[in-house]
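Coming up is one lone chain in structure tokens, specifically the form predicted alone.
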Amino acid sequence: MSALKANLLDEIATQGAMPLEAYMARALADPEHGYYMQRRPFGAPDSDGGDFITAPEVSQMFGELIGTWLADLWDRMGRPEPFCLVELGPGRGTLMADILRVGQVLPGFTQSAQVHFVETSPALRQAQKQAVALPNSGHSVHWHDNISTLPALPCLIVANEFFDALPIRQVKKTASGWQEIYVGAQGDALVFEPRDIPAPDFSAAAKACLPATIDDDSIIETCPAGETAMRQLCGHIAQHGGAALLIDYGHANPACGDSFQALEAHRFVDPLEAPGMADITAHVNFPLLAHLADLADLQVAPVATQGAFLESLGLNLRAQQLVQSSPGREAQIQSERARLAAPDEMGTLFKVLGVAHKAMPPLAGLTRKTPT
């Protein structure tokens, strides 16, 4: 039994069941036993350790294309100096390292950048410190617990698999009313425990993004922490300028469904079995993130799939270049390209949302939204 599970069982025995949102927050961020506080979760299936792998760890091509996208946007927005180059949930720092490496191709980009990470994990902060160094620049790297403390400067923000790890609530519509999903206990087991509630207190923004029809027995997931983070992000861009690129797995249209899941050693596991030892996530509600950006009067591109976005930035051409310069690695490079963009891999499940200040130029690779 994990140490955190033992603690939670004791707490439930004395205080009663806890909302799923509180359970997820403890499982991931408990100061002593939370998953991101004690573990380094990233690694390939054949590596020693790691529970999952993200796109930057799959291939250098991902970070190179994102870095080129950012450098091009910085150039077209007038080359602000200084500006904040921000990553939310930066993992081991692999993506930012690739961004800074490829960004050196455009003179002035890395020299003008102040790198800021929004990261709460001490273990991951240490890994990021080792991975990232700003070439030819006197700027240091800065860490933040949340978006609200970013400097009052134009920002170019990347969030790859950030929103999926923020705690969710689940409510269920039944024939007789509504229930919220709690986590309770039966003996030494943690169990889901539905509780009757009045009409759920969704935020106005969340209500606006619900499906038109909600059938009985449907699960609705909301993410208050995600809404807060998106409001902060949009507020900063609206006030200080810049843009954000959000990449995650989730749905592009209003939807119901239970997406609460856990991964350990690259395998799906029971999310209640060993809290603190497995990565717990849920699908991201992209219509809600886009709606919040609309409310902040930002430029909002329609949600795209990761595969289409990367291919529009030149993924296939970059793969061909790497094949030509790396004899003997063709199969590996083509496998990485497919992992990033193929419909049955990350290409369709993962979505891309671009938002920007109204004065920003169009976002490359993303269709400009038609005014209504």
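Don't overthink the numbering: it's just position in the shown sequence, from 1. Here the structure is a predicted model, which means the values were calculated and not measured.
This next part talks about the form predicted in complex with a small molecule, which is not shown.
K.L.:
The chain here is shown without the small molecule. Which stretch in 291-299, 116-124, 232-240, 177-185 comes within 4.5 angstroms of it in the predicted complex, by heavy atom distance?
P.N.:
It is the stretch 116-124.
K.L.:
Classify residue 161 as contacting or not contacting the small molecule in the predicted complex by the rule of any non-hydrogen atom within 4.5 angstroms, answering yes or no.
P.N.:
Result yes; residue 161 sits at the interface with the small molecule in the predicted complex.
K.L.:
Within a 4.5 Å heavy atom cut-off, is residue 91 in contact with the small molecule in the predicted complex?
P.N.:
Yes, residue 91 lies within 4.5 Å of the small molecule in the predicted complex.
K.L.:
So in the predicted complex, does residue 63 come within 4.5 Å of the small molecule, heavy atom to heavy atom?
P.N.:
Result no; residue 63 lies far from the small molecule in the predicted complex.
K.L.:
With a 4.5 Å heavy atom cut-off, would you call residue 165 a contact of the small molecule in the predicted complex?
P.N.:
So residue 165 counts as contacting the small molecule.
K.L.:
Select from the listed residues 59, 54, 305, 38 the one whose heavy atoms reach within 4.5 Å of the small molecule in the predicted complex.
P.N.:
Contact with the small molecule in the predicted complex is made by 54 alone.
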